[in-house]
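Only one chain is shown below, in structure tokens, and it's the form predicted on its own.
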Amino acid sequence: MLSILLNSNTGWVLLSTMILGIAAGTIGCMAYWKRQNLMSDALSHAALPGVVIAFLIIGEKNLLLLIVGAAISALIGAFLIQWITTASRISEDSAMGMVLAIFYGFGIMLLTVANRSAGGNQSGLDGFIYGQAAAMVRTDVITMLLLALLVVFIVFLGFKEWKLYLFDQQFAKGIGLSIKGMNTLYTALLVTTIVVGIQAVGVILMAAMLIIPAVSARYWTQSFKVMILLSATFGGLAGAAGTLISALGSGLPTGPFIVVVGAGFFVISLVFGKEKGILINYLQFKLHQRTEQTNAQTLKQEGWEK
């Protein structure tokens, strides 16, 4: 195991997936409180056509340019969701589902075309569906690392503003905070996190990186600040542990192992979480039941004595 850790490529990939997990866990908390868990799923699928179109234009696998293509495609998906919701009677959930299915189908169709082109089959574009962290080179890792750190930095820099934007928009407007601007910045950060992670985790599993750490953290605290810190910690640990496990074997996919480790944190939180965890709920129920029985016995004894 030590030799694997000392391998420079493994170390870079492990560091990048850990930072990706931290960024995804942080942004995931915002998506959770905005009740837009499906939005991350829709935008991650919407990024696929942009990746393939960027490849067809430039003719090579340049991660930074593929990320730019993915970001443009995902932003178009976000705009369409907003437009469909405001210009029709279709609900936001339905709009997200439509964009997810249409963009993903279009992306798969383009991917088939790209794979039949010269060099397309060897480009590794299929890795964007399920993720292929081990295939990343050092420049890919540095690109991913810098963008993920930028996302985390922006969130923690404006923490008070984010809190007002999520929980008290009327007060935020009163002090001159632009809700439209905050919404645009939130969408940009969400899209950036998604497109940064699709190379490592894939468009299908990226949504899990955003949702699972946030939901797990919610079982431990009522504080938004603590929830973000816990979610970032769960995401970072899942990214590091999943990468390490996949590096121990040959041909083990990194993305699914990251998601499985994240799911492990969720199960632990679901059972042992101090905020409505199954075990705490059961103990509180038994304690309440015992208190009720004690009170009933006391009243009965007092009535007997009278």
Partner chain sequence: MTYTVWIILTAALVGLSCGVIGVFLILRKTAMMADAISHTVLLGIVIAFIITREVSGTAMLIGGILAGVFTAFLVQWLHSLSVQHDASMGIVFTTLFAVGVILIATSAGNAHLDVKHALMGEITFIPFHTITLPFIGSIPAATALLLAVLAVVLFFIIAFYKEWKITSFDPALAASLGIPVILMHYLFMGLVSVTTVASFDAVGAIMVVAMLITPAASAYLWTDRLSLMLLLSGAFGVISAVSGYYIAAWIDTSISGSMAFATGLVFMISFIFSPKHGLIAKRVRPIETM
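None of the values given here were measured: they were computed from a predicted structure. Numbering follows the first chain given and starts at 1.
Although not depicted, the form predicted together with the partner chain is the subject of the following passage.
Taking a 4.5 Å heavy atom cutoff to the partner chain in the predicted complex, the contact residue among Ser117, Thr139, Ser91, Ser223 is Ser91. The partner is absent here, but in the predicted complex a heavy atom of Val113, alone among Ile175, Val113, Leu157, Leu146, sits within 4.5 Å of the partner chain. The shortest heavy atom separation between Asn62 and the partner chain in the predicted complex exceeds 4.5 Å. At the 4.5 Å threshold, heavy atoms of Arg35 reach the partner chain in the predicted complex. In the predicted complex, the partner chain sits within 4.5 Å of a heavy atom belonging to Ile102.
Using a 4.5 Å cutoff between non-hydrogen atoms, Lys276 counts as a contact of the partner chain in the predicted complex. For the partner chain in the predicted complex, the listed stretch (191-199, 71-79, 178-186, 93-101) containing residues with heavy atoms inside 4.5 Å is 93-101. Three-residue candidate spot Ala46, Leu56 and Tyr165; no residue lies within 4.5 angstroms of the partner chain in the predicted complex by any non-hydrogen atom. Annotation for 178-197: no interface residues with the partner chain in the predicted complex [heavy atom within 4.5 Å].
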